[in-house]
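What follows is one chain in structure tokens, specifically the form predicted alone.
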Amino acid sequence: MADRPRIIGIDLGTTNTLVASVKNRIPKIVPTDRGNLILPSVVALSGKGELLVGGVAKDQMVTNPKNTLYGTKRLIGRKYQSRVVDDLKGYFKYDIVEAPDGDAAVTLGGRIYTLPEVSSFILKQLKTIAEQFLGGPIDEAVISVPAYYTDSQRQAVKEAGKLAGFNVKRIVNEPTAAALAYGFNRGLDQKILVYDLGGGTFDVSVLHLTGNVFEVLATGGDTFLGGVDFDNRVMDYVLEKFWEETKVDLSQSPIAMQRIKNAAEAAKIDLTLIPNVVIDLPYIEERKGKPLDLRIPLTRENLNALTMDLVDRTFEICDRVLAEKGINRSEIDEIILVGGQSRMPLVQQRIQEHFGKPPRKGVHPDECVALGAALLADSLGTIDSVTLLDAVSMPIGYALPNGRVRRVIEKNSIIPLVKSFRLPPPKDPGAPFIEMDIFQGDSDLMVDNEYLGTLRVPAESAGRKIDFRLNEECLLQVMVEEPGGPRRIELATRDTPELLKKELARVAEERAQKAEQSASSPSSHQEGSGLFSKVKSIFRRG
């Protein structure tokens, strides 16, 4: 019998990416960047015009912030004309622009790159390293994504894999992959909660494990809550303290900001193990020709106070996810921690208080997603393959003329699934086509959800059955019943719908008016006019 083609599992993270493979049923992480197990998810263009990926790209971030792309996982698969991208424009040092297809894109050295292209550079690097380490070509992969990713984001990750030369056999949710790493072939019968606090996203999933059947009971998350938000709180603190001591505003210096960003992350990590650190950055700036050094102590208590509300938000999401399915905290047998930020002592302490039991030890928070993806990859097509019953993380529906969304697929529905309804007549009588704008998100309002695309079918199709089908990867297919049989309809996404443009413009106007009112009110000058509030607006969403 011919050897099965080699297949790997990939955890494409906001801050770091990992790859794993299985040999003799044992999954192992493949060493990547300079012998490390992780590859920084950073892409850059050097001054000489060379494309850099991983550690070398991260190393020159301080001196080349404009041409260094990081955190692009928060942007991939999103429309440029969306509230999320609008909020992110001030978050990164690089330029976010609109691609010809209406998606968000970035510029590097004056050239526009799509977000799938950027991710493909990271995946190509992984492919090369894995092939060298494992010896031989690798053309197939299973790639993990946050459970809270929309259809567009999942499609974009799949496209990135294709651009990197992979046949992406499966997209799998990160918490589900972590559960696989924990429970595969262990013969368990448990309800587990996967608490996944990574570099840029937070996911929580509750699963029922029965042997090698993994059923997702409920899932939820926030794609704007992760380790980088904890780093930004430390940055705010450092900038404010330095301003108090020197009256120098470092937020205007890109190089100083990058040094502070790196130091903030390092200090946060150190405080996991020790109670006190000093953030020490010599010659951070100069004044009247003399160097200014930055030296600011930070304690674990300081860090806890700065980030308590972020940790609280994760538990609010946990409670909401449990409540949606009527699951009591006492029913959870094990809590699995995933993501580097879950190592924070405050997180572990709050889990003990919240659930009445400590988190499970023995599952590596950084590696378990890649290991689980590799186990799933290895089991595909085998007789004793694992059974995954995953769930939809966000509802899918279509926009109504009043700016609201009518849901077709509800949250936490088990996939794969099919939901059918009858096509309504065209919005305008006599129009040659029926157009329906498709959205995904938890809100009832179109403007707060992600636009997936527009369904366009001839007017004579009114009254015919239409199917919304979600496959096991939670990817949407739309089928319309026709006299000759069902026909697949591709969603058109080139232009942002006019109704959505109007809603976005209205929201932007409301924001501007609120900002004007708050600027003119006496209290705002006392509360929000300092450097701290300015840094918050630059570095944090909302």
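Throughout, we count residues from 1 along the sequence that is shown. All values reported here derive from a predicted model rather than from experimental measurement.
There is another form of the same protein, the form predicted together with a small molecule; it is not shown, and what comes next is about it.
Think of it this way: in the predicted bound form, the small molecule has a heavy atom of just one of K411, K268, R469, R154 within 4.5 Å, and the residue is K268.
Screening T201, Q440, S119, S393 for any heavy atom within 4.5 Å of the small molecule in the predicted bound form leaves a single hit, T201. In summary, the region of this chain contacting the small molecule in the predicted bound form, judged by heavy atoms within 4.5 Å and restricted to 127-135, 443-451, 350-358, 260-268, corresponds to 260-268. In the predicted bound form, Q341 approaches the small molecule with a heavy atom inside 4.5 Å. Heavy atoms of T272 reach within 4.5 Å of the small molecule in the predicted bound form, making it an interface residue. By the criterion of a heavy atom within 4.5 Å, N16 is counted among the residues contacting the small molecule in the predicted bound form. Heavy atoms of V228 reach within 4.5 Å of the small molecule in the predicted bound form, making it an interface residue.
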